[in-house]
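Only one chain comes next, encoded as structure tokens, the form predicted on its own.
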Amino acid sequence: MNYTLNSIPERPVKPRERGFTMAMDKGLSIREVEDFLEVAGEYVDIVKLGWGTSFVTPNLKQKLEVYRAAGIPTYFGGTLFEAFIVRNQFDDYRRVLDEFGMTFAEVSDGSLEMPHDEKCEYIAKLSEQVTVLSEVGSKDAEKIIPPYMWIKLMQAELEAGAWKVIGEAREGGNVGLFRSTGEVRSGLVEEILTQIPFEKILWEAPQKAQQVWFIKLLGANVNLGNIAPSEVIPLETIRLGLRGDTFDHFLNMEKPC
């Protein structure tokens, strides 16, 4: 930090289990990645190369090396995993992870129908090779999953070997955890939290209002994902009470959050 302010929430140092920020790279150039990390690298814990963008991104290995040199792990979006699975190319997917030196992978079923036992088998197999994040929720806005099922799916995927479970929202923040307007399904979130430890959940929250809602509910060190590179520093100020949305939230704290 550049100067001292009192009543600022404490943020764990990286690598951390909570207060995690996952940024989404939708096709940044190598120069853009370098600029992004120069400004915001301190506040980024992991980067997702969104959906199947890694398939068409030029100079992919060089770009991944820039992230690696900065100590920031990356992973390919879950939709890419699904694209391999629907083509019966799971072994090819595993080889791709090795070829590109990936240490994380996302397992999801938001775009295809997959028996949940089968999904858990993929999680178990991949967890022998990499650290697995598994995503719960559908990309279909018409498919509403009841809270008890979210909990059941998350518990099973954590037991299968997932390091964290991701609450689906898509890039736009208008499905899964959220209504089509972007409004948080608050009852769903609160019910999930009765059974799943908050540090085990990475909430996709691309919109500022969503980020504010989670920070007010769970504090500065809630795990948030699908953050645009240009929004990483603004998010950090929301976490610290240095933007109007949370300006009063952390003042006069007896203990750091």
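Please read all numbers here as calculations on a predicted model, not as lab measurements. All residue numbers refer to positions in the sequence shown, first residue = 1.
Omitted from view is the form predicted together with a further copy of the same chain, to which the following refers.
Trainee: Using a 4.5 Å heavy atom cut-off, which stretch among 213-221, 49-57, 65-73, 190-198 contacts a further copy of the same chain in the predicted bound form?
Mentor: Contact-bearing stretch, as computed: 49-57.
Trainee: 98, 151 and 158: each with a heavy atom within 4.5 Å of a further copy of the same chain in the predicted bound form?
Mentor: No, the whole trio is out of contact, none within 4.5 Å by any heavy atom.
Trainee: So in the predicted bound form, is a further copy of the same chain close enough to residue 127 to count as touching (4.5 Å, heavy atoms)?
Mentor: Outside the cut-off, so no.
Trainee: How about residue 84 - does it come within 4.5 Å of a further copy of the same chain in the predicted bound form, if we only consider non-hydrogen atoms?
Mentor: Contact check for residue 84: yes, within 4.5 Å of a further copy of the same chain in the predicted bound form.
Trainee: So in the predicted bound form, is a further copy of the same chain close enough to residue 131 to count as touching (4.5 Å, heavy atoms)?
Mentor: Judged by the heavy-atom cut-off of 4.5 Å, residue 131 is well away from a further copy of the same chain in the predicted bound form.
Trainee: Residue-level question: is residue 103 within 4.5 Å of a further copy of the same chain in the predicted bound form, judged on heavy atoms?
Mentor: Close contact is absent here: in the predicted bound form, residue 103 is far from a further copy of the same chain, nothing within 4.5 Å, heavy atoms only.
Trainee: Going by heavy atoms, what in 1-31 lies within 4.5 angstroms of a further copy of the same chain in the predicted bound form?
Mentor: 1, 2, 3, 4, 5, 6, 7, 8, 26, 27, 28, 29, 30, 31, in sequence order.
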